[in-house]
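The chain below stands alone and is given in structure tokens; this is the form predicted alone.
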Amino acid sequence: MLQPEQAVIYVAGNPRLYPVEYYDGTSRTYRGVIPEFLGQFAREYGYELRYLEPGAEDRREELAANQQVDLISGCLAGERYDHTAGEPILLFSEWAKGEETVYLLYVTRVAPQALRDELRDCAARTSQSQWTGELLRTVRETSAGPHSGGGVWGIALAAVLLCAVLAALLSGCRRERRRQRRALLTDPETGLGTDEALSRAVTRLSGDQTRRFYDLICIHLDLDHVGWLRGWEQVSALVRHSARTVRGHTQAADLPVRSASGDLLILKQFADSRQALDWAGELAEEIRAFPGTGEALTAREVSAAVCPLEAEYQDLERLLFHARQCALAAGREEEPSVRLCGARQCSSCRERWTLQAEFRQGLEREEFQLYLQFFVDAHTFRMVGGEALSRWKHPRLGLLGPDRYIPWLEEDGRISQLDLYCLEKSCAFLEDLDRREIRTFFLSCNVSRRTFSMPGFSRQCLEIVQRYTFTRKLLILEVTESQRTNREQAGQMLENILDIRSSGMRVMFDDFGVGFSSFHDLQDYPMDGLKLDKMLVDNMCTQRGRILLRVLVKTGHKLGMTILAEGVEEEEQIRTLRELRCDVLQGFRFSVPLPLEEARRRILEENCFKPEDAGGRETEG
């Protein structure tokens, strides 16, 4: 059994990179130089190392996209994976026959914070000669094995590999490694620096008295918004335009960087913060004058922040975090579109920094809890179902509503972890009701568009659901409206929807009528239901609002969908929705979100639900 303080590190391995890393069918695990290095690292730093789902098929892209692993191993220079954190870790390089091969290791966003620094330190302490020696040992040990071809040909191949490895050590490898390291410091698309270059520059300034005169400027580019509204072909052009603009405003002593997050960063000296704010504002304004779209970009699409290199931001990761959060906040404001990081305005992102660091632990400790808000039949007011809503019972901050953590989980890609966690809890709740012979109450569970568009989501969903025996049609997945999807993601989302519906579960759009949903979605995706957004319900008193609502309900019914309305609070709203033949109602008029245990008790005790139970008089039928 693991000790409590011993963390498990999950790795996605490369099965076809012999002798550096390969899948051994006999032992059914990964072997080679990198697995040996990672094993030694784990023993030294107190981790348990596990290769996830080992096999002969290379599943690194899928495991990275689904955020199931901490490390992506056996990577070559130029390879890119989803949800990685910072620059890759350089392990070693091999130079043979005039060509260099550079081997890398990626750390993903879901990995423990300290893991990247520990791995980078361990790799830096491992010399090229140690890597070469390990390569020679691996080739010798497997020269007669299945990877070498066997017999005379196996011996010949082993000899060739030995010569190639020796050549790497004897043919100017040190010089080529320096060249490769320089390449890792330059973004190939823009010619700007990389996160690694910034990391080294900030480290050099850590003990320098001039550090207090430096500011980190963050120019946030909302490339998704630009691509969605102005055309995806404009995204690359905007990146190049922004890089040219930054180079035109910087000098030799400055460090302009294109971050892995997509933001542009500039490390620059200023006399004071006002000068830095003016400079950043002018730069952002010139970038917004992007000629590709025919009109200036908005403050949301290009915003800026100035983050002084004060003692509080000694840690680079925290520095980058605060700079980006302030740039995002500037984009949400009318004026100005540039913001200065500081104690007063950074209180919210300080909380977010803390919550992000504690999110994974919160899941493991089951601090996230489900609350249920009931649905009622629009005509009988019978309680027919409920929506599962998450709350974070934080040990220090108390009970946190979803607005405190959902936005940044969607932004940094970890929302899928919470989605799957809540799905598991929802299935367990339905299973419990089934054991109590309650088999008509349905439960809806929120799943973000980001999660729904992930490769492998339907497989993960079905793996969870198959552990339970409740009637599948009682589980509804609500597609939330917080993220856009590009063409590739839309195709994957459709595939996942079809897989999930074919298993018997149902799918519906949440908050339909606002956000990113539209009638195009009704054409593109087969759905079982629509949940009308509260804004539509609130505006039904106007003639235009009522007409729009009538069209949505009628269209949904013609497509065979169930229509649900949320945010119902007034009797007039109830009467209008019933006249429009809306099927199901949800809102404070009927129920507030209840803790799971209390909701279970209500379900067991009540067979029907009427408006007067919530404090009002019964609506006429």
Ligand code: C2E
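Keep in mind that this is a model prediction, so the values were computed, not measured. Each residue number is its position in the shown sequence, starting from 1.
Beyond what is shown, the protein has a form predicted in complex with the ligand; the following relates to that form.
Annotation: in the predicted bound form, residues His83, Thr108 and Pro455 none come within 4.5 Å of the ligand through any heavy atom. Partner proximity in the predicted bound form, defined as non-hydrogen atoms within 4.5 angstroms of the ligand, places exactly one of 491-499, 419-427, 240-248, 215-223 at the interface: 419-427. Proximity of Tyr45 to the ligand in the predicted bound form falls outside the 4.5 Å heavy atom cutoff. Among residues of the shown chain, Pro54 is not one whose heavy atoms approach the ligand to within 4.5 Å in the predicted bound form. At a distance threshold of 4.5 angstroms between non-hydrogen atoms, Ser259 is out of contact with the ligand in the predicted bound form. Proximity of Thr480 to the ligand in the predicted bound form: non-hydrogen atoms within 4.5 Å are present. In summary, among the residues Pro402, Pro395, Pro112, Pro526, the only one with a non-hydrogen atom within 4.5 Å of the ligand in the predicted bound form is Pro402. None of Arg391, Arg120, Arg506, Arg230 but one reaches within 4.5 angstroms of the ligand in the predicted bound form through a heavy atom, and that residue is Arg391.
Residues from 443-468 that approach the ligand in the predicted bound form with a non-hydrogen atom closer than or equal to 4.5 Å are Asn446, Val447, Ser448, in the order they occur in the chain.
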